[in-house]
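A lone chain, given as structure tokens: the form predicted alone.
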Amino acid sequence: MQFSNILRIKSFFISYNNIIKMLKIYRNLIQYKDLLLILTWREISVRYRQTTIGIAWAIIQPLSLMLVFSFIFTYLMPTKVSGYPKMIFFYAALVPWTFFSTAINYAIPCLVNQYNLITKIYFPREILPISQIIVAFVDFLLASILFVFFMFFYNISLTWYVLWFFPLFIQLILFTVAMSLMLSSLNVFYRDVNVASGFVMRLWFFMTPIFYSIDALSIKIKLLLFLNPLTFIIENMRRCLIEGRGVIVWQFLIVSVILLIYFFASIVYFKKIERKFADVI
């Protein structure tokens, strides 16, 4: 890459207008926090209003997948996936994955589904996908309760490396918000995004180390999988929680820089085209 191109990219991200756009979302969330809470509560109540077991569905989804994987790799295809019990090994990865996939699936159609609000009144449009992420975060907290139970059940002791979970979760939040803003805005103009999301998420699932570990893979496969930011995030979440292993700092810094660039780019893109939402919808 030529030096002039590098300067052009750098100037794009540090330009005054783009910095204002990045800060504007934060200011909007504070200013319209009541609307954000109302939309979030409405989504939670509507989603579970007519269900028999209610918010227990937040636990059933990762739990059922964990049981299926445990059955397959214990009885149908006996395989040693790690030195830790299969159930907690799978569940430790399924909980963050479920948060990400649920947030994306909720966020993609949210702008189109709320066309009545978008076309009639003004409010910061980013509130809609962010409210969906908060709903998925509530599900994440509920599913995490069962994970704590598994930790006690299998007598797995926590180490100081567990503190790495929090910066890793911030990475997961950044990536989830960036993907939600980008895909929900694209879905306004190209409805194929929502149609293709289910297929893409299934492929993404298999490209993420959920029912396998990257430790036994070749370096070529590892490099391929690390093109997916969730590979680094979820693999290291599982390592610091149940394996008592830390994160390689230089890898963490590289992934953080990449995610921050993508996060800022998604904000700039979203704020640039949000004025067109009402006309297109």
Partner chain sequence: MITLNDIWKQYKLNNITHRSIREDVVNLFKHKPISNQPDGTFWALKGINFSVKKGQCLGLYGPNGSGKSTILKIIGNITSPTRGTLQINGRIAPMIQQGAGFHLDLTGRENIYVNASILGMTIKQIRKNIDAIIEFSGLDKDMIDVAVKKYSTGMYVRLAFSVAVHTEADIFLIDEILAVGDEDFKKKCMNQILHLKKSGRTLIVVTHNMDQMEAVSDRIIYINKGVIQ
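Residue numbers count along the first chain shown, from 1. Everything numeric in this text was worked out from a predicted model, so none of it was measured.
From this point on, the text means the form predicted together with the partner chain, which you will not see here.
- For a residue to qualify, one of its non-hydrogen atoms must sit within 4.5 Å of the partner chain in the predicted bound form; none of L141, F147 and D215 qualifies.
- For I118, a non-hydrogen atom is located within 4.5 Å of the partner chain in the predicted bound form, even though that partner is not displayed.
- In the predicted bound form, R42 approaches the partner chain with a heavy atom inside 4.5 Å.
- The partner chain is not drawn, but in the predicted bound form it has a heavy atom within 4.5 Å of L35.
- Within 4.5 Å of some heavy atom of the partner chain in the predicted bound form lies at least one heavy atom of Q114.
- Exactly one listed residue, out of W204, Y161, F71, F123, brings a non-hydrogen atom to within 4.5 Å of the partner chain in the predicted bound form: F123.
- Though the partner chain is absent from this view, in the predicted bound form it lies within 4.5 Å of a heavy atom of just one residue from Y84, F153, F169, F189, which is F189.
- Across the options 189-197, 74-82, 91-99, 170-178, residues that bring heavy atoms within 4.5 Å of the partner chain in the predicted bound form belong to 189-197.
- The partner is not shown here, but in the predicted bound form the stretch 248-281 reaches within 4.5 angstroms of the partner chain through a heavy atom at R275, A278, D279, V280, I281.
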